[in-house]
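What follows is one chain in structure tokens, specifically the form predicted alone.
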């Protein structure tokens, strides 16, 4: 198999002993290049993950890796003594020079992890029980990091969930209309403008800053093959200071609607309440211990705001000429925007019931 990178050469720089047997591309991520490598260690095969960090997205890979090193070390200390402790937090493999990352001749930053066996990720949720278990794992992840010592983590993507700034970027591209597309997106632009008032609600609520994951898609939790338990939260590149409503909100956005992110048949898009209930119960079963009343109350709103924010980003990119997200057809970003805005509408229709459920749990 022809690999994009010489993984054998990269692997040589990490503290791994035994014979390198080979490597293959791994996972469905779109940002970093990920490989699973196998080694013969005293007659047994052991597997590792190697990842090249995409420095076009993450401009400060060293700051990012400092975060990952601190977070994985803190989590490892918290799970000591638990059954399967080595599978409950990602384990970084140090380089032969003792660092947590290796820089290759081309200037790429690489990291190595121990591969977590007998667990996998799923690109789409298959049941409410799976949603419950994933949300429980994300809530536990936040809880275990709630006492991470100072200093504050680095912002790996500054203003990642800053909705007012995302809205300002949209207004700018509407005015410029460089791709001459504003007329094609008139209803979506009007929807965005009508919702401007919600942009700063979370920022104005004076909620405590937490260590948050910031990319809580369902496929960022590994579920145990035997028990289905959410065993390990992965993809720590966007772990940084944030609000818990962002994390819960992105779970709502990516798990509660059965439709794909670019579904053209909008009748398929909508929040399924049983799936929302599973997320809420799972998340609060672990995170409920440290949340303030204000944080808890704003969880459903987080679902609406994060969905709206991602819709803004797709709309902005469509109007700018598709410069950020990869597209595979004409109007792809507009299709993505429409699914997000349709989900926002569905959340608004059920928001009172969602709030009532959170109060009840």
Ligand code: ADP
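As the structure is a prediction and not an experimental result, all values here were calculated from the model. Between two forms, the rigid core is defined as the largest C-alpha subset superposing within 1.5 Å. Residue numbers count along the first chain shown, from 1.
Keep in mind the form predicted together with this ligand is missing from the figure; the text below concerns it.
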Legend entry - Contact test in the predicted complex: residue 323 vs this ligand, heavy atoms, 4.5 Å: no
Inset, instruction - May I ask you to state whether residue 262 is within 4.5 Å of this ligand in the predicted complex, using heavy atom distances? - result: no
Inset, instruction - Mark residue 29 yes when one of its heavy atoms lies within 4.5 Å of a heavy atom of this ligand in the predicted complex, and no otherwise. - result: yes
Inset, instruction - Although this ligand is absent from this view, report whether residue 115 comes within 4.5 Å of it in the predicted complex, heavy atoms only. - result: yes
Legend entry - Whether 79, 142 and 287 all lie within 4.5 angstroms of this ligand in the predicted complex by heavy atom: no
Legend entry - Of 219, 257, 95, 72, the one that lies within 4.5 Å of this ligand in the predicted complex (heavy atoms): 219
Inset, instruction - Name the residue from 169, 243, 234, 153 that puts a heavy atom within 4.5 Å of this ligand in the predicted complex. - result: 234
Legend entry - Contact segment among 197 to 205, 173 to 181, 235 to 243, 133 to 141, judged by heavy atoms lying within 4.5 Å of this ligand in the predicted complex: 235 to 243
Inset, instruction - Within 4.5 Å of this ligand in the predicted complex, which residues of 42 to 62 have a heavy atom? Give them in sequence order, or say none. - result: 49, 51
Inset, instruction - State yes or no: after fitting on the rigid core, is the Cα displacement of residue 59 between the shown form and the other one at least 2 Å? - result: no
Legend entry - C-alpha of residue 26 moved at least 2 Å between the shown form and the other one on rigid core: no
